[in-house]
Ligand code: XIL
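Take a look at this single chain in structure tokens; it is the form predicted alone.
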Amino acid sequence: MKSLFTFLMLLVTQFLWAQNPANLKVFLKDVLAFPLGASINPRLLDDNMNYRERAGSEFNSLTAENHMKMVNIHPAADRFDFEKGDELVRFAQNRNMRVHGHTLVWHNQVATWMKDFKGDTQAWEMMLKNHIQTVVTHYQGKIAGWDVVNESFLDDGTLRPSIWADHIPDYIAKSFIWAHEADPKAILFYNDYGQDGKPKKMQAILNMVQDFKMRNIPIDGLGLQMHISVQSSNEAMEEVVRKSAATGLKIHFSELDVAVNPKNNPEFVYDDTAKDEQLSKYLCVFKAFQEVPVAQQYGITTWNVGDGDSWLRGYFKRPKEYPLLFDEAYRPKSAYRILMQSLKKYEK
């Protein structure tokens, strides 16, 4: 039996849809005042027609899930591989979707040749600069914004150890400068996760932004990944959004999913109670984003399309996880329709 909350919300939704049959052709992206995106896997675009149709119809922004990361796009010192990235760009262009680039610099998914690189500070700088500027130049005019640097701070606010931190002083700032030189029109983001409940990490990011502004380092936005769960604190999340928006930079909820089984309980059942908790969290996230000043709303991006494609099932091997708005068959969940009715933009 449906919980009372879901039952009542579905009744309201069905009534509203019945009043306007045209709503049957309206997607969630159409009722939002900001872009709605998803990270996309090009292999699934090629192999799964349901995935392709859902990705192409439900979203107006696209992020490459993995194929613009260093290990894939720059597999050898003398070779770049743009094939899959170009495929994603063409898919987006054919559907008038925005493309967001992810990610130019990260401590993870680094090519082996980069890990084995030898040279002095100048050589390391030239290597990273060449990577950034070759990729950004290739996609100039085709990609609206970039996650320039990803996940550079630890929970205690200190700089994360990495080959970039070890060999290139001030590598975060330099990466933004190099990206801006390659495409002055691109919107440049710093992207990170877990700021909610980790005030030292949040403050380190805010301090970085303040320092960049003082030094005229080109930074345009903050990506808040939003890999959260039904147990995440609404208040902590909302505080992170407020503090991030107070910088005046554009805000991107860049990798949203809402885990319902964060402890990976093998006996977990995705029942009505779990669905209600997930819906409540999605509503909180979307409404928090609506509180961001309109000029700063870059958009919300979910981390892939359907539950079966989620990295929580793949990378973390959590088969009983259902974090997205579409199920394994790419059918919209009840939360999808409730979100649509609850978050309609005001008519202008």
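When you see a residue number, it is the position in the sequence shown, counting from 1. Given the structure is predicted, the values throughout are model-derived calculations rather than measurements.
Just so it is clear, the following notes concern the form predicted in complex with this ligand, a form of the same protein that is not shown.
Colleague: Considering K69, K281, R313, R54, which brings a non-hydrogen atom within 4.5 Å of this ligand in the predicted bound form?
Modeller: That would be K69.
Colleague: Sort through Y139, W106, F153, F212 and report the residue having a heavy atom within 4.5 Å of this ligand in the predicted bound form.
Modeller: Looking at the other structure, the residue within range turns out to be W106.
Colleague: Sort through 173-181, 113-121, 85-93, 222-230 and report the only stretch with a non-hydrogen atom within 4.5 Å of this ligand in the predicted bound form.
Modeller: Result of the contact check: 222-230.
Colleague: According to a 4.5 angstroms non-hydrogen atom cut-off, is E58 in contact with this ligand in the predicted bound form?
Modeller: No - in the predicted bound form, heavy atoms of E58 and this ligand never come within 4.5 Å of each other.
Colleague: Examine W303 and determine whether its closest non-hydrogen atom to this ligand in the predicted bound form is within 4.5 angstroms.
Modeller: Answer yes; at least one heavy atom of W303 falls within 4.5 Å of this ligand in the predicted bound form.
Colleague: Using the partner position in the predicted bound form, report whether E255 sits within 4.5 Å of this ligand, counting heavy atoms only.
Modeller: Yes.
Colleague: Given that this ligand is not shown alongside this chain, does N191 nevertheless sit within 4.5 Å of it in the predicted bound form, heavy atom to heavy atom?
Modeller: It does: once this ligand is placed as it appears in the predicted bound form, N191 has a heavy atom within 4.5 Å of it.
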